[in-house]
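Let's start with one chain on its own, the form predicted on its own, as structure tokens.
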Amino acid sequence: MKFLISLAFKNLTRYKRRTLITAGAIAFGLMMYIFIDSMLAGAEIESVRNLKWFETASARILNDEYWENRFQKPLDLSISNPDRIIQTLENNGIRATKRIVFSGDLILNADDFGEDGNLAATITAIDPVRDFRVFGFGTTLIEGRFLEPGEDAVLLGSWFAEDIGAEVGYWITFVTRGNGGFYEAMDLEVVGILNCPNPNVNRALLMMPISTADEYLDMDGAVTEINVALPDNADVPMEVERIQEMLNGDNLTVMSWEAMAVDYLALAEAKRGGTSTILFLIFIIAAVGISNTMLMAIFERIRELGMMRSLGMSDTKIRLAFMIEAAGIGIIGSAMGIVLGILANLYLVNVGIDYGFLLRDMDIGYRLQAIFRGVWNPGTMIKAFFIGVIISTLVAWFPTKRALKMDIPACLRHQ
């Protein structure tokens, strides 16, 4: 074995160009594997964070029948005593806020927007004092100011404002059905514009004070949902169960963010499967390149192989010598790939790649507005290193087996 390892090492140094070319193919494949894995893992982590910070919170309390009818935004399936529930939650160290979500027609007047128009929209009425303790909108203001309790005002997402041509100081009219079926028109001034990093929210965001909505909609203090913020390291299912026990007998249900975002999670799982397929194809391409290089290397040394056999070296030892040589190439290529992957990931983690030109008008499922940033995943790098070594070792077996089918005289006469 010592002789075979020494022989393989000498062949690696003797054929430097071939060794570097083959190792380079391995290094490129592993670098792409590390880069893509980092980018998609980072996109998934940031998407989940933006999902909880701007859409679902950690959990949500709803009327038992609301979730099945959520697309209609029913005001009659409400929570009648939100302040008592919030106080109970806060007494147990849980941050919470109440909201009213309702839909209707947004009417734009010609005085501000140049022409009259209308479109379907959804408004979220928030508690200006408590809401930012649960959601992350407190750092998203880019123009104007935040809402104040009791005023006839609205905040817009920046993409939504851009799409309708709204600016701070413009007035909109929102027509909706109140609690009981009557129609109500609300004249609201645009007092601020938010740039939310969640594109799904930024495209359609309208917010108004909950006290104003309560008066217009005749909610009498009732709300459609109570949102809950939990620590990042919290056991969400256990906390949801604990909150549900606090609400026992109130005809309310508590839903975790995973339960509300089941469609997103299914999409993320499908994306992971597609990513695995892409990464597998990268390795197949690298394996084919390694195999072809090893095949050429072996056929260049057919006479050497025939001399080794004529001197009594068994086919098993010859095959093992070439596989050890291939393993050496794999080690060199994998080490180069890890180094290149780390260098590429440094840029991805600290700067990221701007896909804003795509995400502005296209929904790809991720809750990212523009920048894809990576994450450090040492487990992926270790796995990539061993996969590179194993693949390069295994693929050397096939061309060696093919060359060993030739008899010794044919090997010695080979040109």
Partner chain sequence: MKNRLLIVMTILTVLAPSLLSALTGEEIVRKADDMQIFETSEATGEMIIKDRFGTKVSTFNSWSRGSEESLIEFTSRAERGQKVLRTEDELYLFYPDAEELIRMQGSMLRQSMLGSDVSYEDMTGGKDRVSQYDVELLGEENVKGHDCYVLMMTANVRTVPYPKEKVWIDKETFLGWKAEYYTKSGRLLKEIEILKVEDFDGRLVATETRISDKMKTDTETIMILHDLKIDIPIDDNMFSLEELSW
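Keep in mind that this is a model prediction, so the values were computed, not measured. Numbering follows the first chain given and starts at 1.
Below, we refer to the form predicted in complex with the partner chain, which is not included among the displayed structures.
Residue in contact with the partner chain in the predicted bound form (any heavy atom within 4.5 Å), chosen from 116, 148, 235, 90: 116.
This chain appears without its partner; in the predicted bound form, the one residue of 251, 173, 310, 80 with a heavy atom within 4.5 Å of the partner chain is 173. The candidate site formed by 315, 323 and 398 is entirely out of contact with the partner chain in the predicted bound form, as no residue has a non-hydrogen atom within 4.5 angstroms of it. The partner chain is not drawn, but in the predicted bound form it has no heavy atom within 4.5 Å of residue 169. Within 4.5 Å of some heavy atom of the partner chain in the predicted bound form lies at least one heavy atom of residue 220. Taking the partner from the other structure, the partner chain in the predicted bound form has no heavy atom within 4.5 Å of any heavy atom of residue 138. Heavy atoms of residue 187 reach within 4.5 Å of the partner chain in the predicted bound form, making it an interface residue.
Only one segment in the set 226-234, 175-183, 124-132, 239-247 has any non-hydrogen atom within 4.5 angstroms of the partner chain in the predicted bound form, and it is 175-183. Along 332-353, no residue reaches a heavy atom to within 4.5 Å of the partner chain in the predicted bound form.
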